[in-house]
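Considered here are two forms of the same protein chain, supplied as structure tokens in two stand-alone entries, structure 1 and structure 2.
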Structure 1
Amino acid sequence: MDILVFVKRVAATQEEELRLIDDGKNIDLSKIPFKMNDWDNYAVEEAVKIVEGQGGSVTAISIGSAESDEVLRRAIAMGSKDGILMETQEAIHDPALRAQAIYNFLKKEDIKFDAIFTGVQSEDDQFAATGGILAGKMDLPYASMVIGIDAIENGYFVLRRELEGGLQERIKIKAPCILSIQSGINEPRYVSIMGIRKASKVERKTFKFNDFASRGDAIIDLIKWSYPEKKGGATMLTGEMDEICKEILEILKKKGVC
């Protein structure tokens, strides 16, 4: 079972205050730490678990700047056999452009696989679309929100997808296929600093993103970043209790509640 897993280096912005620059056309990330996209951790772990049980190999692939090598090293430390970087200094926001580049890359380099795993979405763009678009371009079966892989038998994956309301859908999908892996499917293994250092000795190939797609292929263009509009604060009602109750009723009537 040979599995390709796409991993992304993203800014860890959960506890950071972002600063917009260049009239909203860019975000200042100079002092923001980076990490592997959280959902991609689960995708790598699931691929490695499958290969540990059935044999084969896992190859991690990333699109990004030279610094994205750090997520490839982490994937290798988790159990990937090797890593591939499609290097570009420009941030690629359009999932269709990413999918087009991946499609051209896999075709041109004649890379064989039994399955492609992606995280459900990236923490920065959150389009949750690259895997699905790639499946469409490659004419391959696709399943999103994969929360469990129960079996791989007779050329099929038997898996569970997470639905709304706590429901799960169990399906059978033919390989080769593309799966978007949801968090909670497993517990990603701990990766030590020493493990990442050892991973730096493992082969990682670099290709130029622009050899497989160009910005002219994009169908979505980033116009600008902006902060959400600030909403008004709470209204404090003062006075006698009867007056406050009447005022509350008037507010509810205006809002169509009663």
Structure 2
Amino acid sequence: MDILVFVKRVAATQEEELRLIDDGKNIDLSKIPFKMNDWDNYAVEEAVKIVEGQGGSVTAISIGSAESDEVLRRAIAMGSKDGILMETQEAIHDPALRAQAIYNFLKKEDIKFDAIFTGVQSEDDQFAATGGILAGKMDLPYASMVIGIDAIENGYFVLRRELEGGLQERIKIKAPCILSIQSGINEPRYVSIMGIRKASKVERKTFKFNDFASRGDAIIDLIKWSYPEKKGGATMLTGEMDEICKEILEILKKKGVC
């Protein structure tokens, strides 16, 4: 089975302060570390596991700046055979434009596959939409929130989708199809620095995003960024560690739980 997996390089902002600049037109990401989108890490692992089991190949594809090569190397170190970069210097905010570019790319370059995997969502934009839009455009069956692949038989995936509150549904879906992979589906393998270094020796192909779509084709516009509206907010406990912890214990006592 030949599987294409989409991997995105995202800013790891969890512990960082995000500063809006240029009157909210931009976010300053200059001092922020980047990494592979968490959900894509699970998607690569799932694809590699399938191919290890029944043969075939995994190709990792990323849209982004030249630095996105990092996530391609990581995907190769995990077991992907090829890496493809669709290079664009600026972030593409509209998921429909990303999907359009991918669609045009796959057609024009005549890329063959049995399945396309994406992550459920990007950590940065949280659209959770790229895979579904692509499936709609390509007229392929689609499933998201895939939390378990139970079998691949007679040209069908039998898989479980995660719903809410711990409930799942089992469905059957015909290949070729597009699946968006949910975190927790597997345990992504460890990748060593050595592994990544070795992956650098595998040649990656680079294409220009602009050869497949133009920014002007976006069908939504980002007007600007803003900070979240402050709600009430918490009473902050400050001071020495010792004092803070005594205060916490006071609160617990007052609430009658400790």
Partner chain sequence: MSYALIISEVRRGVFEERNLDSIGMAHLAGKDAFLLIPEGNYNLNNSIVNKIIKAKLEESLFLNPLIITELISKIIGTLGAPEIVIFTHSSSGIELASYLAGKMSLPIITDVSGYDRNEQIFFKSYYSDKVFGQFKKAKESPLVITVRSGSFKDHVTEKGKNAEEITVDGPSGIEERSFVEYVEEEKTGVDITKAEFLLSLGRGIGNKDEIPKFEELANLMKATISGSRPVIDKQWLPKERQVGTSGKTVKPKVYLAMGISGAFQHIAGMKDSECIIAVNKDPEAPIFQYAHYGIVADANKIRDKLKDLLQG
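FYI, numbering is relative to structure 1, first residue = 1. Heads up, when I say rigid core I mean the largest set of C-alphas that superpose within 1.5 Å between the two forms. The structure presented is a predicted model; accordingly, all values stated were derived computationally and were not measured.
- Between the two isolated copies of the chain, the second is the form predicted together with the partner chain.
- A movement of the C-alpha atom of Glu240 reaching 2 angstroms or beyond is seen between structures 1 and 2 when the two forms are aligned on their rigid core.
- Hinge motion between structures 1 and 2 is captured by two rigid parts, the smaller swinging by 92° against the larger on C-alpha superposition.
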